[in-house]
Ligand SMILES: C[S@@+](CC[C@H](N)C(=O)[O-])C[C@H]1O[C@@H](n2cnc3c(N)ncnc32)[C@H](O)[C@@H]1O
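Just the one chain here, laid out as structure tokens, in the form predicted on its own.
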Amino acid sequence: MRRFLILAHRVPVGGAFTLNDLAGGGGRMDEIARAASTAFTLSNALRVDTEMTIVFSAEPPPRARRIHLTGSRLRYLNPDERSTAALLKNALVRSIPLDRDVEASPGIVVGPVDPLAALGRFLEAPEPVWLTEDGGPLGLWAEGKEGFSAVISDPIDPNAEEVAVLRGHGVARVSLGPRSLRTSQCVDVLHNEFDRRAPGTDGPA
């Protein structure tokens, strides 16, 4: 299984933003939506072996929200960021009056969350890794692994509390290369590394 956790620090957790201003008023929902689309969409199919959790922490509990996407159940997810942002926005809006999880659309579950607790639980999943610019080589870490549980931040670095949780769990730190990449590009690079290592392929070049 391939699992992603995206730390979204600025997106309005109640969905109070317009699809015409995803980068500004949407708190970089453009990049969050692009990462979600990239995580699941192939040329003519969806990745059914992938899950993504997005933790929206612009407001503290009980307002903070978590959206969990399950590739094997997803419907209505398209490659473009605007329609993906609309799906995520709709999930956030539906969650406003609720104090429990709800399936906003097939394969998309939304609900209240304690952001740091959610991060800690995610790091208990198999093969946890923190994608950070000062980490070790991806190829070396990925050797012999069939899946991962990767933590990636939005365009803002993890805050001090999140860093403390990551370090407290002793999670592996991995870099994807010498240049600073966007969140969605990190998703693509990690998928590609494991695609090339999958059975039936020639392995990493």
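Residues carry their position along the shown sequence, with the first being 1. As the structure is a prediction and not an experimental result, all values here were calculated from the model.
FYI, the form predicted in complex with the ligand isn't displayed, but the following is about it.
- Residues of just one listed stretch (39-47, 174-182, 141-149, 55-63) have heavy atoms within 4.5 Å of the ligand in the predicted complex: 174-182.
- Residue in contact with the ligand in the predicted complex (any heavy atom within 4.5 Å), chosen from 154, 51, 30, 162: 154.
- Contact with the ligand in the predicted complex, judged by any heavy atom within 4.5 Å, is made by just one of 131, 119, 113, 108: 131.
- Although the partner is absent here, residue 158 sits close enough that one of its heavy atoms falls within 4.5 Å of the ligand in the predicted complex.
- In the predicted complex, the ligand sits within 4.5 Å of a heavy atom of residue 186.
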